[in-house]
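Quick heads-up: it's one chain on its own, the form predicted alone, in structure tokens.
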């Protein structure tokens, strides 16, 4: 769902036992078919080199995704003279296709007539490492920018005309800009419902240009006027080149629109409503962002804390905000933070999680000291599955069901028992000392912050509404 290239090697029972319900036998290839890009069952050792080569090729090309290699025990026990193939030839699989110049030319021509354009950046920009190119395009043309959740960091949050994240919990400025634009340049997005809200009401006045590596994603959800299938590593630089002669004029003629967007960002910022009984998540995350190194890699779980992190923790470069957006997998955060630290050992990795999500994989706290992996963790504790409870409160008449963590376990005590120095705070005056503790050294540490039980994420777009029909606060 998040287009992550991943190769998984799993073990299968011996060939002679397949189909006999042998001990721990499972049809792994069959079970995973709906959730992988491709999978293999390897029964012969001589097939293994080719399968490995193909698996990594498929996982990385086109729209990236997971590939499973299920290997029977016989193969693990066998020997062969291993020669890794140099090339891959797969019938029926194209990989990453080259964009057509004519398509990109039409996209550039659409820019000539626009007075209210918006750039929408998604996870595809991050995966293709084209954020720098897109940022330069935005700076030259002056076009306002919005990102999806998975696109956060594709363009620096500090860019003046960056209006924030759009969607169900997007900023007022981003959602209103998309609702009022006359041209939407969408790069590497899927137009999922969390970004678009009700599809039939999305960008109603806009001519939509869709750049995507996967042709099947274009016109799947949102009808577009200009389709540009192909790898962004080729199509985006070509678009920037063709748009270069129009850049100065575009920047001048869109100035009023850009100023309107920046004014909306100032007038209606994302904000938490500082309820009684705890520390405001907005204050906690903004102060944490001020204390953390600028190149900190932020990883989140899924829930209210995820949305607050997206709203209140600035991201300045790609691959520095890691989250589960497509499927929204609670429990994702701690294993992902562990992997991020292994991949970038010299950078600070900060896990922002909630007391509901972190319970799902909290056993991985033992992995950190075992292997000397150092991750900082903030747990926003409200004793609730907050995002679901918020939906029950707003749209189900307050009929709450199975969203309260009755025992309200202390993650600080759990993590401490697993070897992670931890501290709990519950009053605003304790926040500074708590952050001193969290960021005071290079080792792992956990800070559990009590936040109000009834705090909500705003804005919120009801499922049947358009992006411009947001609930902005409690008065809504």
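None of the values given here were measured: they were computed from a predicted structure. Positions refer to the first chain, counted from 1.
The following text describes the form predicted in complex with a small molecule, which does not appear among the structures shown.
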Practice task
Answer yes if any heavy atom of residue 329 is within 4.5 Å of a heavy atom of the small molecule in the model of the complex; otherwise answer no.
Solution key: yes
Exercise for the section: Check whether residue 360 has any heavy atom within 4.5 Å of a heavy atom of the small molecule in the model of the complex, and answer yes or no. Expected result: yes
Problem - the small molecule contact in the model of the complex: residue 385, any heavy atom under 4.5 Å - result: yes
Handout entry: Close approach of residue 302 to the small molecule in the model of the complex, 4.5 Å, heavy atom
Key = yes
Problem - Contacting member of 333, 261, 123, 354, with respect to the small molecule in the model of the complex [4.5 Å, heavy atom] - result: 354
Practice task
Given that the partner is absent here, state which listed stretch (321 to 329, 104 to 112, 237 to 245, 290 to 298) has heavy atoms within 4.5 Å of the small molecule in the model of the complex.
Solution key: 321 to 329
